[in-house]
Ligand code: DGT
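Consider the single chain below, provided in structure tokens and representing the form predicted on its own.
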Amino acid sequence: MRNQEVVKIFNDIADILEIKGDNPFRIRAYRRAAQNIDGLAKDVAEISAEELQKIPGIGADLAGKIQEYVKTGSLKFYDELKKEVPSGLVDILSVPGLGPKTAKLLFDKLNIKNVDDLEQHAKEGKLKGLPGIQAKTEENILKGIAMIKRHTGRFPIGRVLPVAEGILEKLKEKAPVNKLSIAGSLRRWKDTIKDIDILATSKDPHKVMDVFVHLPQVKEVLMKGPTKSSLITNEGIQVDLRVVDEGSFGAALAYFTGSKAHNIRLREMAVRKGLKINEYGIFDVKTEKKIGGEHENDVYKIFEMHYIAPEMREDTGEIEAALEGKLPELVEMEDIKGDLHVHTKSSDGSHDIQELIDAAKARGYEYLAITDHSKGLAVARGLSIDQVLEQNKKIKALNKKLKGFKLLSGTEMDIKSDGSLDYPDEVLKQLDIVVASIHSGFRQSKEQITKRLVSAMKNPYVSIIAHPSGRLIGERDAYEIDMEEVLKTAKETGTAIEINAYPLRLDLSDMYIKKAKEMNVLLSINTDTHVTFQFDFMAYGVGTARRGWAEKNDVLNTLSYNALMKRLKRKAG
């Protein structure tokens, strides 16, 4: 897929235009287009100009630029624009909290052209004294650079999974494969991925490898062999493909899916039973006889334990639970009855309510919560009190006409820096659902951030805390927060904590999902949809929930509409 290449180019264009002080509306157009292409299930290279213009935020001009890049491999406007600023200056904007004006200031005053220059100047204390830069600013810049380095070489799952699925689709179409599966950390739904592992079986491995290394996604072939090949995609992601024997496919899938720690535990258990487990199968050490490996579950059956779902294979207690017959029945996509965090074009979404209803019904949902931003978030065109009450009336009227589907009237309400809420209680009590979240003051102390969330949860009308840690994977670290205190308050007040399924958030993280489950804190898996195709992000949220051992009963939006409304009213008293 060429989507991520186009996303990067449009974001780079927006960054360069910002550095140059260009028209804010023009800059916003490129960012919106990039956001709406990011995560698009279909390859932009396979979409006509007319179809491209149906994507929100893509007009004739941007559609033309996309087609120019797809057809020629370059974009003249972008190439010319890049000549106007030092290349490293755009990279500086990847440092959290460092905007275009500051980047230009650093270049003009200190000739800082790249992240390495920036880090050196910050370490030496040479930045403070410039307008708007203090010692704390230098400290935050160094923290941001450290975060970037931690994520170097790893990619958010939302950028990797579409690439992997595109490769699988081409292999099924063009190569003589029998069985085919993603393995590795991608199959375990980790939030960041280093590389893609793919396993296959075939009667003609040479043909499979030949197709693989000539896929349109290939930027560089690292190695081509009779049963294993490696390549780098246009997005810079390494992909390893192995063709294994039919009788070994299950063992190989288990071996290349489990984390290192999980696999070591299994091998240690095998040794104690006089067995050997590897990617080729399960063997009796004394007789060297192969006793299993065709099916993945062979690996677990040999220890008289139930099959362990890929998402759980991290050696965090899943083996003990399997041996004791206490594995959770993990939540499934089919369990989700609706989405409780969705935006319309009344705030910063791209569609009207009817378009969202149609998209939700197409996915088999029973209900949908309309949660446009509140008035305090001006950048997202947050609704005034009059506007949210008018929307509430419209939704109530629509519900009288809808059959087999219900809307919830709600808001994504801003939690202000002092912990107060954006709407008064007399407004909130008229809504069906209130999703509360933090959008500012990320650098407040741990105590302040925690106090804001705790205060919001103590309000009887707050139903859900959205994206609770504020992280953006690879772009912004979570703010400092006492998550234990937040979960404790959520339990005491009956407030649900969101698992935000947007692929760059996946917030709550799996570690705290598991903690929330242990504390009997209710979870809610939502997509934060702004464009209808983002409803498909629910899979990322469910995958993350499964990594945290969440079951159907742990998740608010697995309830039927009537049960959901009773649950929400119980919180409101």
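Between two forms, the rigid core is defined as the largest C-alpha subset superposing within 1.5 Å. One-based numbering along the sequence shown. Note that this is a predicted model, so its numbers are computed, not measured.
Same protein, other form: the form predicted in complex with the named molecule, not shown, and the subject of what follows.
By the criterion of a heavy atom within 4.5 Å, His467 is excluded from the residues contacting the named molecule in the predicted complex. Put simply, Lys260 is close to the named molecule in the predicted complex: some heavy atom of it is within 4.5 Å. Among residues of the shown chain, Val271 is not one whose heavy atoms approach the named molecule to within 4.5 Å in the predicted complex. In the predicted complex, the named molecule sits within 4.5 Å of a heavy atom of Ser185. Checking 379 to 387, 457 to 465, 437 to 445, 249 to 257 against the named molecule in the predicted complex, the stretch whose residues place heavy atoms within 4.5 Å of it is 249 to 257. For the options Asn392, Ser346, Thr192, Thr493, the one in contact with the named molecule in the predicted complex, meaning a heavy atom within 4.5 Å, is Thr192. Scanning Met333, Ile264, Ala135, Leu222 against the named molecule in the predicted complex with a 4.5 Å heavy atom cut-off leaves one residue, Ile264.
Relative to the superposed core, Leu568 shifts its CA atom by less than 2 Å between the shown form and the other one. Positional change of Ile9 between the shown form and the other one reaches 2 Å or more at the C-alpha, relative to the superposed core. Cα of Asp197 to Cα of Lys8: at least 3 Å shorter in the predicted complex than in the shown structure.
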